[in-house]
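Encoded as structure tokens, the following chain is the form predicted on its own, with no partner shown.
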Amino acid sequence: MSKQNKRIVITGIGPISSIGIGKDAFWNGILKQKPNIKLEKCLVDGELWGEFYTHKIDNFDISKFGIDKDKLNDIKEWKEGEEIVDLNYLIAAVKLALDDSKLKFDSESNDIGLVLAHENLGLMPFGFKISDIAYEMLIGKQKKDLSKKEFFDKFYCKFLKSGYDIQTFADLFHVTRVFNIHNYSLFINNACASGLYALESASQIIKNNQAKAVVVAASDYPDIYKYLWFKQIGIYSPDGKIRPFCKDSNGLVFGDGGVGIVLEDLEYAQRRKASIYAEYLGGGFDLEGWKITVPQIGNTSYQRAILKALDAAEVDKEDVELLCPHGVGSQPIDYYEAKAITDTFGNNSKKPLITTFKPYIGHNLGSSALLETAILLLSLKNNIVPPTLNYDSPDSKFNLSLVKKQLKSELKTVMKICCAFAGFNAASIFRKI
């Protein structure tokens, strides 16, 4: 079959989040509508540096996922004994997704590819490490007559390896090695839209005969460095609630987590009698290219991404039954997003139904779009539309009517959209087979 005619389907989902680990616990957490929000406190030598609400994963243990212990120990040794939480999330999410798909990965020729996505893997532990080193060197443990050159020599030598290790190819190597993946592999960082870019990349890998199946995985473990920045620019909710498209929206709230999703060539999936969640029909992407943290109000980049997705999927807008927006709960971003939706589908339209998922799991940054796609796929499978939580004071200026109560609906075609920092606008469409 030519690559133009190849159909791409999703056969495995492996979510890790504050409301549940594994697709069953995860989906049950969505249905219960009770987020696990904790107050995270960051202490430095016993002194409070900062505190913020976050959707927290409890009792995560990488040793419980049935992963080769020798390979995990090799990673830990390379990391000089340090546990990188979001790398462990990636590994566990890939394992859950592969187990769900029932793909065998033990063979060295398993014909599986890998696409990983993350905003800043390893950066925050690196930041803590160099801060510790600099502090130790500056408080007088070194000679008082230490020259600037000597300081630089000692300082850089201490973190040279850990600095090298935050290059993304290193962690891509670790994950591929754990799962015997030798085919096309890729690391993607397109901010919050990374997951949707990763899905499209995986689709192209399969269509170009580089692999029969590709695992897409993303994770994030937001820490105080990111919080302090988001607080400074005024987009972090101080009360721990995300209120998308509301009058009293006051910012986002972080969420731990990650997810793996397995994509396959349809014929390959059918031959091995795999269970299929949906067909990936295609994506649309457009780079606004204006500012890093603020979308350009009035620009039509987001609209173009949505229309490109409809065109790539060969789907009429009237066929989309459920739409999941980014829904960060920040007034300017919500307005930008609402305008793209209403320009495409009309004001307060009855179709598609619109609901957002960040109030359940928090904002998982580089993994957010992919993690919310997992909820969307489970909604499609179960014909259930979860409501938008905290949607108590809808703002009429957005011209949107979001789902307020859980609905049963025979869903066939759904769409996930995302407007990320730096203007990475993306949309993906899925259809039940």
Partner chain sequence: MAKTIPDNLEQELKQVIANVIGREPEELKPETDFWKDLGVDSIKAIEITVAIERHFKIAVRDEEIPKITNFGQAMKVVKEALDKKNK
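Residue numbers count along the first chain shown, from 1. The model shown is predicted, which means the values in this text are computed figures rather than measured ones.
Not pictured, yet referred to below: the form predicted in complex with the partner chain.
At the 4.5 Å threshold, heavy atoms of V294 reach the partner chain in the predicted complex. Interface residue remark: W290 is counted as part of the site for the partner chain in the predicted complex, having a heavy atom within 4.5 Å. The closest heavy atom approach of K397 to the partner chain in the predicted complex falls within 4.5 Å. Residue contact with the partner chain in the predicted complex: P332 places a heavy atom within 4.5 Å of it. Residue heavy atoms within 4.5 Å of the partner chain in the predicted complex occur in exactly one stretch of 304-312, 97-105, 332-340, 69-77, and that stretch is 332-340.
Taking the partner chain as it sits in the predicted complex, the stretch 311-328 never comes within 4.5 angstroms of it through any non-hydrogen atom.
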